[in-house]
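Next up is one chain by itself, shown in structure tokens, the form predicted alone.
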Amino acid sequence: MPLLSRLFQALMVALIVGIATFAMMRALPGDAAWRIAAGRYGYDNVNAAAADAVREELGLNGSALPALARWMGDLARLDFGVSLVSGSPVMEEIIHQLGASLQLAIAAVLLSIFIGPPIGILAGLRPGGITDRALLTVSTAFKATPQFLMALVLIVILAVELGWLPAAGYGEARHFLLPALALALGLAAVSARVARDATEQVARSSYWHFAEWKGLSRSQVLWRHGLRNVSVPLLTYLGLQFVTLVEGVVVVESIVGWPGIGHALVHAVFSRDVPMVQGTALVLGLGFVLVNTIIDLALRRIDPRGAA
């Protein structure tokens, strides 16, 4: 039943995302034909004749409903259409760009897990201590900082002033660090607070005190009984982080020139490439459903009481 529920959610996501992106692209001000022609031939080479040719070719003067119906029909056959700018199949472009985005997203999540939860667990074991108070201040500051501003600050400090990392680029390991760190700090700020609160709650439980009464050290109690219970809210939060991660990937990829799906989405919006916008938004929406399904299955494995 949970898998059937997730499948129904995926179908609803596809329907809502497709209609919403189509309506928003149609509602944007300006001449869509001119934008598409500029994307094909460049802004210096586009003119009224080229825009009229694009308008005639794509039928942009016609009703919007037939175009939406064609897209929904193609989607039912798993055909995402072709890009209005490049002419390439949308699915091929998404697969090519999705790999770069997944690499960056996985690096950011792993980095946030390495930074946030360990600090949060240390703070939760000593609530009110120096680590706990410092974590509250730093995590609040990082969480309140928009990811585009975090990326710009890191570029100024790590790339411009210190020269430790490149400000942009793709293909080498050192190119991952700056954008991954820009995404990871905001994620780690919240995961640290979640780990801190969960650890404090676990440390006050009766089974924790019973384990200490048996003679186990604090580290032994944490390893044998605490981490499993702390991981449940952390995994739940990991699923919610996907939305923040997608938002950050779209912005950070555009700032550092990362050739991922977020960068492609921004260019597709500027070029009024409706099939590309619909395809990328659909993949991101379905990715959210997939990640939450995996998180649900992992939670049922860790805590079987949730399946009862």
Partner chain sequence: MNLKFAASLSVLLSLSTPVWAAGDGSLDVVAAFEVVSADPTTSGTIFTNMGIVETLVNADSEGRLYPGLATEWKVSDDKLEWSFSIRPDVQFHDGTPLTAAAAANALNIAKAKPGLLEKALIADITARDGSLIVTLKEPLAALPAYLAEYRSQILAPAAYGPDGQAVNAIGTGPYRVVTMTPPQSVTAEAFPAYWGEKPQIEKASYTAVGRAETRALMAESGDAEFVYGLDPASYTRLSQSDKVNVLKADVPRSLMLKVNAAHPKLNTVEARQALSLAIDRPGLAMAILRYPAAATQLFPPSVGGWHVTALEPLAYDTAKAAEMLAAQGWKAGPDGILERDGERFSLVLTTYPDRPELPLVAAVLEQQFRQIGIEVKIDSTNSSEIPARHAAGTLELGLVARNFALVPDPIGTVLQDYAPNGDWGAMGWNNTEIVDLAKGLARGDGGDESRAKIAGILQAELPVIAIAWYQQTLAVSNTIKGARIDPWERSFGLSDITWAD
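Model, not experiment: these values are computed from the prediction. Here the rigid core means the biggest group of C-alpha atoms that line up within 1.5 Å when the two forms are laid on top of each other. Numbering follows the first chain given and starts at 1.
Just so you know, the form predicted in complex with its partner chain exists too; it's not on screen, but the next bit is about it.
In summary, the region of this chain contacting its partner chain in the model of the complex, judged by heavy atoms within 4.5 Å and restricted to 42 to 50, 65 to 73, 278 to 286, 236 to 244, corresponds to 42 to 50.
Each of 85, 97 and 257 places at least one heavy atom within 4.5 Å of its partner chain in the model of the complex. Site annotation in the model of the complex: the residue of 177, 232, 91, 134 reaching within 4.5 Å of its partner chain with a heavy atom is 177. Only one of 141, 78, 173, 130 comes within 4.5 Å of its partner chain in the model of the complex through a heavy atom, and that residue is 173. Within 4.5 Å of some heavy atom of its partner chain in the model of the complex lies at least one heavy atom of residue 30. Within this chain, residue 163 lines the site of its partner chain in the model of the complex, having a heavy atom no more than 4.5 Å away. Contact check for residue 149: every heavy atom lies farther than 4.5 Å from its partner chain in the model of the complex. Proximity of residue 107 to its partner chain in the model of the complex falls within the 4.5 Å heavy atom cutoff.
Here residue 51 counts as shifted, since its C-alpha moves by at least 2 Å between the shown form and the other one after the core is aligned.
A movement of the C-alpha atom of residue 253 falling short of 2 angstroms is seen between the shown form and the other one when the two forms are aligned on their rigid core. Relative to the superposed rigid core, residue 35 undergoes a CA displacement of at least 2 Å between the shown form and the other one.
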